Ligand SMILES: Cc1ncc(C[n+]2csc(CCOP(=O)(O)OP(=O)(O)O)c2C)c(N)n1
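The chain below stands alone and is given in structure tokens; this is the form predicted on its own.
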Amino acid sequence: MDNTKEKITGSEALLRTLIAEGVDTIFGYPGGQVIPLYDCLYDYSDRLRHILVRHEQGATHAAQGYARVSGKVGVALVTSGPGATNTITGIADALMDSTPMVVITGQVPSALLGSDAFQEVDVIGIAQPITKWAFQIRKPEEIVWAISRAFYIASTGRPGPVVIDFAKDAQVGTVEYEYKKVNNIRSYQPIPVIDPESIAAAAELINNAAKPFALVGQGVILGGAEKELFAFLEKADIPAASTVLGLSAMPTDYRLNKGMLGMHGNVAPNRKTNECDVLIAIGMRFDDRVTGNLEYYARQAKIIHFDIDLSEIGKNVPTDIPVLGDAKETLPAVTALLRPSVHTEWIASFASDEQEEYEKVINKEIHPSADRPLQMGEVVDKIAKASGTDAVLVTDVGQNQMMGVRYFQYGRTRSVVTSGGLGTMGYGLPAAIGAKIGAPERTVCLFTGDGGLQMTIQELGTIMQEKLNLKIIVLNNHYLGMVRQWQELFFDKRYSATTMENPDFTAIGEAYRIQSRTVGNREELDEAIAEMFAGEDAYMLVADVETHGMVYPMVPAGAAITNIIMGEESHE
């Protein structure tokens, strides 16, 4: 019997291992130190789809969008030096938003490490603070172990990014190939052991609550615990609201869904945070954009915090009962101990705040008077209704982001792709590419601003080359809108460096062979939306919206979460 293992190059070993780990798509950009790997990829094009982005930052954001809608690990492949450093923003973004991603960077041959060789940079030194793990492959024998370990770390526990730096000599060297999956690391415990006492204590507190309120974060989606969440909320009749990244864990029209939390969130859940007697945080990290000034945050409530990451427990908000573990396991454990409850009066108390927000903010935004210019929320609302509740929302960052998440409609999970923790302008366009490839059967609507679009506008070339059916909506107000909003409210309307003289976006879209149209009034808007959804190709709709439009409600930075600005009748 011949037990001789097949001998192959390091490049082929890497590609085979990627396939073994379930990878079907790579977002990348070739360069000198990954040419051997790309040469090998030529023979694997039937098993690995490579998406040629136009900038390495775009590769990471596309990998993030792919991961967010598919639930799989996103993969980016770039060369050394500037190729590697161009991925840093996307890696940091993935860490902040717990997005599973493996970034493979080329590196100079190991004999040249430390010599300041052409396009050499200390990728591991740069990446370690913004990754779950970073490792440099110098020998072909390390490839299978490192890649499988990378996928295990990226996808388990609290997900996040991993960087693998791949020296060129390890790519061209040979190795006897044998795939061995890593599914255990002695020093790494991705899912904590559940503490029965915490489970019992949480259930007892909820059973005795008169005004329980649940805060739903992305941890529910990452853990695939949506059904477990519904069972929990239904049994105890608990109203709930979501963080930005937690949106779509509950359908928009779900009876216990009370909207979005935070700086530009809905009025009722923000106010009720400071009225409830038991606050139940599930897979969220009490970000400052959700809590406002911690000195005035939920001081009256007992806090139960469900989370998989021990470092988040008590980090920002003191926790009375920590429930450490995977939400898919901890939620049912608590639910089993709950008494069926009814909180009719408590839930009904949200209505007055909801009505106030509708009258003072929402109605004016989505049904403006005829003499007002197009409003951002009006555009989002019309497109949301036209796209249906199965569509995926992708946003850039800024006013377009807050309007997008506020007024879009969600009917299923994994329907929101946005940069939450890092707030990366330029995220939207490449993330939409990844989202469409990760969920090709779903309509993907990107809302972006004129500022964010121009940070990664070159990715229109990727859409053109891949012939992706993306719906791109540019909310064009000729400003860096969110910064301008802060300048208007808090800096005496001193609009320093926020006015933007923009190009003809429609002409740019057409140059990339993307059907494009600019609308400046609501008479044209309905027709343009119908035209956009009628076709099976990419479409860019540029909406010239009110230049001084504002996103309301708004909780000023550093204020209590109940200190809510509702807006004024008009703006300059």
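Don't overthink the numbering: it's just position in the shown sequence, from 1. In this text the structure is predicted, and so the values were computed from the model without any measurement.
Below: the form predicted in complex with the named molecule, not depicted.
Query raised in the report: So which of 399, 80, 415, 218 reaches within 4.5 angstroms of the named molecule in the predicted bound form, heavy atom to heavy atom?
Result: By the 4.5 Å criterion, the partner-contacting residue is 399.
Query raised in the report: Can you pick the one in 450, 307, 93, 378 that has a heavy atom within 4.5 Å of the named molecule in the predicted bound form?
Result: Of 450, 307, 93, 378, the residue with a heavy atom within 4.5 Å of the named molecule in the predicted bound form is 450.
Query raised in the report: Does the named molecule get within 4.5 angstroms of any non-hydrogen atom of residue 404 in the predicted bound form?
Result: Contact check for residue 404: no, nothing within 4.5 Å of the named molecule in the predicted bound form.
**Report entry** Contact label in the predicted bound form: residue 260 to the named molecule, heavy atom within 4.5 Å
**Finding:** Contact check for residue 260: no, nothing within 4.5 Å of the named molecule in the predicted bound form.
Requested in this report: Using a 4.5 Å heavy atom cut-off, state whether residue 479 contacts the named molecule in the predicted bound form.
Outcome: Contact with the named molecule, yes.
Report task. Using a 4.5 Å heavy atom cut-off, state whether residue 425 contacts the named molecule in the predicted bound form. Result -> Judged by the heavy-atom cut-off of 4.5 Å, residue 425 is in contact with the named molecule in the predicted bound form.
Query - Segment assignment from 480-488, 186-194, 153-161, 457-465: heavy atom within 4.5 Å of the named molecule in the predicted bound form - result: That would be stretch 480-488.
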